[in-house]
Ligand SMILES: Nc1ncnc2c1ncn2[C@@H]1O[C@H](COP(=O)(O)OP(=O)(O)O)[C@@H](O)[C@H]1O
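Quick setup: one chain, the form predicted alone, written in structure tokens, and binding and motion questions come after.
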């Protein structure tokens, strides 16, 4: 394990978020007003990497961005959190993606321009860099269309290199939910869908059936259920993990923060229910501020906040 410099290397997308808070849905030829706004780090993978690093893990990131203001901003924010960004490719011919978040807690609507994230390919990855990690996480499977057909090879190779693996697909904007994903799940140790994604990925009508089907495909299944907490399945066991009650400001990044907390405890060797409980605490912390990383400014502040949330259980 001497060459393991990182706890986790995240392979994922980079895009900024413009969060508009408490805003009516737009209509053509009209102007609506938002109560608040935040320009912040977006993208599931980057939020997970940022918050995981702030919690205390050693994290590297692999991705592709434009050589532009948005790309510079994303890299700077990751660096400020302590993430190794040396393997983020900036391409002047591409544009860094962006998401407009219309947030009306507990619901939100997203409008995304994918940009450079679709151009990451398997050949862009440095296997030596990946081999220096204990764990590989990939987010936004359905949005990384250039890499998507090659993710089974990526995960298989990661397993050969001795890494454990985790996957968060996020929403499929095409709503196809192709069963090609099942090949990736053969090499996935931890699968992290939310409630609705799990049902659609499994092509069933209810969560119980989805957990039964997906739970047979991966070692650990952790289904994020928002205000209802989480449901985990592993080693033939299943358990509901209750949520923590906090004042919700905005829900962007709650699931990504759950991922960060779950992976942090997993890499510490904790039991699956404790991983999910800590994931719930991180998700709860995330919703107390605008933007996916707003509640994760620095390690000391975050650890104190998490301790208060965990003690309030």
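Numbering follows the first chain given and starts at 1. Bear in mind that the values here come from a model prediction, so they are computed numbers and not experimental data.
From this point on, the text means the form predicted together with this ligand, which you will not see here.
Trainee: Can you tell me which of 22-30, 250-258, 47-55, 66-74 lies within 4.5 Å of this ligand in the model of the complex, counting heavy atoms only?
Mentor: This holds for exactly one stretch, 250-258.
Trainee: Consider residue 137 of the chain shown here, and say whether it contacts this ligand in the model of the complex, taking contact as heavy atoms within 4.5 Å.
Mentor: Judged by the heavy-atom cut-off of 4.5 Å, residue 137 is well away from this ligand in the model of the complex.
Trainee: Using the partner position in the model of the complex, report whether residue 146 sits within 4.5 Å of this ligand, counting heavy atoms only.
Mentor: Contact with this ligand, no.
Trainee: Is it the case that residue 215, even though its partner is missing from this view, gets within 4.5 Å of this ligand in the model of the complex, heavy atoms only?
Mentor: Contact with this ligand, no.
Trainee: Are any of the heavy atoms in residue 227 no more than 4.5 Å from a heavy atom of this ligand in the model of the complex?
Mentor: Within the cut-off, so yes.
Trainee: State the residue from 90, 194, 165, 85 whose non-hydrogen atoms include one within 4.5 Å of this ligand in the model of the complex.
Mentor: Contact residue from the list: 194.
Trainee: Go through 59, 284, 62, 263 and name the one with a heavy atom inside 4.5 Å of this ligand in the model of the complex.
Mentor: Residue within 4.5 Å of the partner: 284.
Trainee: Given a 4.5 Å distance limit between heavy atoms, list every residue of 113-146 close to this ligand in the model of the complex, or none if there are none.
Mentor: Residues within 4.5 Å: none.
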